[in-house]
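Okay, so here's just one chain, in structure tokens, the form predicted alone.
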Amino acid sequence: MKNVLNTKDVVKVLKIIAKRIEENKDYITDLDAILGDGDHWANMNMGYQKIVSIEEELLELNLADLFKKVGMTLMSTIGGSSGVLYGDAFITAHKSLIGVEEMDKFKIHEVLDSGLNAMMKRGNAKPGDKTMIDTLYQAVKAYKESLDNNDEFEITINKMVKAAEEGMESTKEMEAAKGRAFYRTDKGVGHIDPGAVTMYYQIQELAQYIML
């Protein structure tokens, strides 16, 4: 169980996430072919593989600069709205890491929460719109409630992952309020949002790393 995360840890998590996304090409692409342009996996994979390619550079940075660099890289590499949203989330989060060498459980929440708010603001999105926000919002909400309850960190992480999964699954029965799925006759009802899935992968891999 890791109680704090430093630059080395974050880079390791990013590499693990990159591998998870890379391995799920067919599933994500099939989902997005139904609801979107069919390019969500390709864009996310391109962004995270770029992160992997600059690993050595990232390892030399402090946490704040690391997050800023990751944000700028994702924003310039990932196509479509996802690049802007992820880029803005990391860049916004870096502000809360200035002067911080390690993230404890409270700082991790602060980073996730600032990223969530940045995504909602930039994308003009909210929970219930059938997007990646539905996964992240539920995860951050459960995390905060667990912190307020003074739960052990392990319990907090488990609650976060469970809530993220529930948020992801909930998009299946939602009507899309954003993107191409909005223009479908069925508004995408019956299909999980691919962005919600890749967001879940990231939260799950972060959690699993912390629990090692």
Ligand code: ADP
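Numbering starts at 1 and follows the sequence shown. Because the structure is predicted, anything quoted here is derived from the model rather than measured.
The form predicted in complex with the ligand exists for this protein as well; it is not shown, and the discussion that follows is about that form.
- Message: Between the ligand and Asp32, Leu85 and Ala125, in the model of the complex, does every residue show a non-hydrogen atom at 4.5 Å or closer?
- Response: Answer is yes for this spot.
- Message: Taking the ligand as it sits in the model of the complex, is Asp39 near enough to touch it, meaning that at least one heavy atom pair lies within 4.5 angstroms?
- Response: Yes, Asp39 is a contact residue.
- Message: in the model of the complex, is there a heavy atom of the ligand that lies within 4.5 Å of any heavy atom of Lys178, even though the partner is absent here?
- Response: Judged by the heavy-atom cut-off of 4.5 Å, Lys178 is in contact with the ligand in the model of the complex.
- Message: Please tell me whether any heavy atom belonging to Ser146 falls inside 4.5 Å of a heavy atom of the ligand, as the geometry stands in the model of the complex.
- Response: Heavy-atom contact with the ligand at 4.5 Å: absent for Ser146.
- Message: Is Ala139 part of the interface with the ligand in the model of the complex - any heavy atom within 4.5 Å?
- Response: No, Ala139 sits far enough from the ligand in the model of the complex that none of its heavy atoms falls within 4.5 Å.
- Tell me, which of Ile21, Val11, Ala196, Ile203 has a heavy atom within 4.5 angstroms of the ligand in the model of the complex? If I apply the 4.5 Å criterion carefully, the residue I get is Ala196.
- Ok, Asn117, Thr77, Ser81, Ser96: which has a heavy atom sitting within 4.5 Å of the ligand in the model of the complex? Only one option qualifies, and that one is Ser81.
- Pick from 128 to 136, 88 to 96, 69 to 77, 103 to 111: which stretch has non-hydrogen atoms within 4.5 Å of the ligand in the model of the complex? Stretch 128 to 136 is the one.
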